[in-house]
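Take a look at this one chain, the form predicted alone, written out in structure tokens.
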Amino acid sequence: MSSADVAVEVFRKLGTDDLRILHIIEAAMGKRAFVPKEQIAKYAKLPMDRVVFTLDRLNKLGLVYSMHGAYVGYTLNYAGYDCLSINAFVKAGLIDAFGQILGVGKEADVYDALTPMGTRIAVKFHRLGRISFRQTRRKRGYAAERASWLFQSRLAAEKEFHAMKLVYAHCVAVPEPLSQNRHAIAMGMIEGAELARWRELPDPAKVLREILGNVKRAYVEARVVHADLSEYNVILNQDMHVLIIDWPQYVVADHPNAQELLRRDVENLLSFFGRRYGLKVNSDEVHAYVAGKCVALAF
């Protein structure tokens, strides 16, 4: 069971004390990894026995980790952090219920959810792993050297949500960005499957043209480069239309490496379409198109 599975299952069981204690631990984690129970009781303004009971309950529910050493301390895990994000979305009137999981990746879990009006949306929980943080710090500008694993995930969500708002405003095919809280993003529904999962397409060239048109619109109009584009973050639905997802690594068009990253995005796509569908396209001509240097594609 993933952290998000735990959070979705136990959230409805949480009471006022539970959420209050989770908030206090979150706030205090900015100064220390494990928050002493005495400090938690002080800020909660609750009797110690009540605090201990709540902490034991949260621990059994799988929302916190405990440490017993020189002192007894507690820290949030991803499930606890998920619950705080879910609570914020519920209080904002955005989410009423969760459905099935839509996807599990190395750095995110995505769930189907319902709004109070019955509209289906998707909720993405960023969860950067501790093991991958060394690579994260080398590769990504949003990860501060000493940032905690939860904070890094929050920064990833903030950056992705900002990118989605930028490109969505220019009609780039992305899920509608609805809200962001901590490490979670609420967005329009994601329907379809990763392009990598489609073994056959009736018209591969048409699909590629639609993807490249969106890449061009993002760069020329929104001044944004995805910077991690591949067949794994293009969603294709049954109507053969696309959504481009996973934007936390985006760069702006005047970034020193923007052209290099734009070209890499293009070459990733062309390589995939060449391998899978035998589509041979001149990468220089496509790069010129997405960069706005020519008005039409030659294929």
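The numbering used is simple: start at 1 and walk along the sequence shown. Computed from a prediction, not measured in an experiment: that's the story for all the values here.
The same protein also exists as the form predicted in complex with a small molecule; that form is not shown, yet it is the one meant from here on.
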Using a 4.5 Å heavy atom cut-off, are L102, G105 and A108 all in contact with the small molecule in the predicted complex?
-> yes
So in the predicted complex, does any heavy atom of H183 sit within 4.5 Å of the small molecule?
-> no
So in the predicted complex, does G73 come within 4.5 Å of the small molecule, heavy atom to heavy atom?
-> no
Would you check, heavy atoms only and a 4.5 Å threshold, whether Y232 touches the small molecule in the predicted complex?
-> yes
Does at least one non-hydrogen atom of P175 fall within 4.5 angstroms of the small molecule in the predicted complex?
-> yes
Among 118-126, 81-89, 213-221, 198-206, which stretch has residues whose heavy atoms lie within 4.5 Å of the small molecule in the predicted complex?
-> 118-126
Partner-free chain; cross-checking the small molecule in the predicted complex, the single residue of L94, A113, L150, I190 with a heavy atom within 4.5 Å is I190
Residue (of V266, V64, I245, A41) lying close to the small molecule in the predicted complex, criterion heavy atoms within 4.5 Å | I245
